[in-house]
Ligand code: ATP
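Only one chain is included here, represented as structure tokens and corresponding to the form predicted alone.
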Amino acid sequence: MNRSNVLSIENLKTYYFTRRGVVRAVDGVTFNVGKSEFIGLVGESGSGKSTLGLSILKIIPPPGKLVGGKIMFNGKEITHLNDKEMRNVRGKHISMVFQDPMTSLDPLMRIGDQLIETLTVHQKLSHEEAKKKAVRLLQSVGISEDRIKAYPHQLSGGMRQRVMIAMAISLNPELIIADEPTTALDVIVQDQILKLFRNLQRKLGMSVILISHDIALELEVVDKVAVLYGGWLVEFSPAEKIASDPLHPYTKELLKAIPNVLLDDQKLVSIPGNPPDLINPPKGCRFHPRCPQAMEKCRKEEPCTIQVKDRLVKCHLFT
């Protein structure tokens, strides 16, 4: 592992063992996250984005199981750590912000008490020290001190998400995984939350993985974009290169589907067909049934992942 990487994922495989068959949700994904780097993880629903985030923290719900590959965090392999050992990693070193804060916040506890409890348990602070730090944390995410006694239901969706971000950064982790943290929010609040993530990431020097189905949203804030399709990583590139010169046909189709509000006569574009069934994925390239550039080879052979300068792409066009 390169010492400049906080996280290295190598050939990671996470499958769900269902009655219908084995769902290959994450199937051989490899990429690195550098220190103080902001990575976007993008793809349609069912592409494996959230499963990948849960796999890093080893909190995959049944019947899911991490079946192969390697996860390196700060030079140490964490793939085979047991649950007790992973509890020392979660929160303190790697934190996660989930899509719906109401599933993570205790509705019967004031938000300040939830922060204070986290700080007293994990950082061994006194109640008074923890309260002072809780106030500072809430202020750092734009919540005033007078809201510390509020219950989650007394806050807006955007404010609840800010509380979750405050909890995520409370133990000074090196990496935060944000799983679609803006999905249920309006566009103005989405923009505020994304800018908050970016500002905190720069200020605190932490790394961030932002999971989203919206590539346009990600390109506004991230350094690099990892594009997932059918459990595969099909492209991994710097954000500005993805925007100006996408390599994989799927990435190109995602970018075409972004509406331009400045064009009155623009037709809405969508990718024809549906994402693959990951119990019985198509033979060859998993994108070939929907790909406008598909060749005969694509229908028969799985493409290799190719390095093109500082980019990765899994496509026969580059072999």
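Only a predicted model underlies this, so the values are computations on that prediction, with no experimental measurement involved. Throughout, we count residues from 1 along the sequence that is shown.
Omitted here: the form predicted in complex with adenosine-5'-triphosphate. The next part is about that form.
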Classify E180 as contacting or not contacting adenosine-5'-triphosphate in the predicted bound form by the rule of any non-hydrogen atom within 4.5 angstroms, answering yes or no.
yes
So in the predicted bound form, is adenosine-5'-triphosphate close enough to K58 to count as touching (4.5 Å, heavy atoms)?
no
Taking adenosine-5'-triphosphate as it sits in the predicted bound form, is L278 in contact with it (heavy atom to heavy atom, 4.5 Å or less)?
yes
How about V23 - does it come within 4.5 Å of adenosine-5'-triphosphate in the predicted bound form, if we only consider non-hydrogen atoms?
yes
With the partner absent here, would F98, P107 and Q154 each sit within 4.5 Å of adenosine-5'-triphosphate in the predicted bound form, counting heavy atoms only?
no
Members of 36-72 lying within 4.5 angstroms of adenosine-5'-triphosphate, judged by heavy atom, in the predicted bound form
E44, S45, G46, S47, G48, K49, S50, T51, P61, P62, P63
